[in-house]
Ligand code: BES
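There is one chain below, alone, in structure tokens, taken in the form predicted on its own.
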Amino acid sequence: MKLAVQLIDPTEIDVATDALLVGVYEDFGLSPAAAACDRACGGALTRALERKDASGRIGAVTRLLGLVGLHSSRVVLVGLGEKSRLDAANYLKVLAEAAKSLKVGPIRQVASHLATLPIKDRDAAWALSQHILQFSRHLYRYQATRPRKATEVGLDRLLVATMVASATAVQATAMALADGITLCRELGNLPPNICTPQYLADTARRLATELPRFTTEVLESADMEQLGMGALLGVARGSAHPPKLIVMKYQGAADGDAVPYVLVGKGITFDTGGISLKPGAAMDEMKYDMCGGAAVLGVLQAVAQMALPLNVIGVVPAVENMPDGAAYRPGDVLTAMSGQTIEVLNTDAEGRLILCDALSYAKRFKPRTMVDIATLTGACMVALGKHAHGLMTHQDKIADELLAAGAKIHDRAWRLPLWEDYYSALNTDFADLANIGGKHAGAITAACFLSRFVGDLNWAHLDIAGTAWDEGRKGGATGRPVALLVQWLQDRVV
């Protein structure tokens, strides 16, 4: 269920709603909104703090019921920590804990004053946008194959107090981004027997019917044969599900011929590893190997809803990597669309094989900048953990743009080197290059491989293997890096 959001004036403290959400500092007492609420109910908040029934510790959540003098049924106090330390990261932590406390329970509507808090080095528009984004994120519930039970009903309407002059525009932009992130998460969370290459293609076609200035073309196996996409088709051979090359175009620029930005997303809808079979433990999580492609769909939906004045093209090679009698093997040599030959040393390094043909295809659009997004290597997660995307590019300007966008929206990346020294790891006597580079610097040598297919284009690679999903039965797709890429495209608007 989509979260409904309404903007209200911060002076509207006494709102008839299920709950008022206000903050309290650990060292500075009540926030202005909490102080106004305290006056309205005769000092009940102050007494709760004095009795230690409530706390200003960051993320602490306390519900106060039946306060006289308020039309709201409850007051929800959330701890803000020390006032001087309420920066972007801590503000997001506050929002996360507040939202999670309201995900299930009797509170269906809340009036929140958290967006009026001063955040270190951030403005009020950022606070409002993040409030909407974080509540959308933490109230999200996967329901496609597990409908919500009556006992799991929780918050579905958010009233946000703000004095931002452009609040309506900020709200619309944040909601569009939230929708794009949700689409990415929903596609990632779907089981692989539902979210097949055909399903991704159908989703892209649906977007074209729902969004203005948006078109979708889907290339089939025969089309890819004609183009000489031997690498992509080699990976697809072992699956009963035919591959799809999904091409989405959003024409938002006033000049329809304006040079586009191109995003290419890895869409392995399930990855067994092929003949180089993965271990059985946690193999179910390989349904998330299409999160790069899902991110591209989410970004294209968001920029179309925002009506950004840019031309943006999304290319998603959608393939399933399975072992059967027709599957490609270690030792095979594939010929890519570029004409380069590739020795397959490991069939579990399949993402770069579908991406190299997709990148070659995307070059025809003569992009201003091309970014590929892929759950490409476990090595990137070893290097950076679950917090930062791995960013690799030869162009400092593009790196700076993407890093700045990630810092602004708090969907951060970290740049890894892409030096010439690493390229020799891909050398082989049997083809132009091998599809793996050995046990060292795996994330970097994978990017080196991809760079061999982009030539001198402005190009960057985002390895999201550590950030695209949270592990375990209570995990799920995160929707990253949709926010980073949308922010980057917003920053490109002159």
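Note that residue numbering follows the sequence shown and begins at 1. These figures come from a predicted structure and were not determined experimentally.
Quick note: we don't show the form predicted in complex with this ligand, though the next part is all about it.
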> residue 375: heavy atom within 4.5 Å of this ligand in the predicted complex?
Replying inline: yes
> Is residue 103 close to this ligand in the predicted complex, meaning a heavy atom pair under 4.5 Å apart or at it?
Replying inline: no
> So, in the predicted complex, is residue 357 in contact with this ligand at a 4.5 angstroms heavy atom limit?
Replying inline: no
> At the 4.5 Å heavy atom threshold, is residue 352 in contact with this ligand in the predicted complex?
Replying inline: yes
>> What I'd like checked is whether 136, 186 and 302 together line this ligand in the predicted complex, meaning each has a non-hydrogen atom within 4.5 Å of it.
In response: no
>> Between 346, 73, 90, 341, only one gets a heavy atom within 4.5 angstroms of this ligand in the predicted complex; which residue is that?
In response: 346
> Given that this ligand is left out here, which of 454, 436, 41, 460 has a heavy atom within 4.5 Å of it in the predicted complex?
Replying inline: 436
> Where, among 250-258, 91-99, 285-293, 147-155, do residues come within 4.5 Å of this ligand in the predicted complex by heavy atom distance?
Replying inline: 285-293
>> Using a 4.5 Å heavy atom cutoff, which residues in 260-290 contact this ligand in the predicted complex? It's fine if the answer is none.
In response: 266, 271, 278, 286, 289
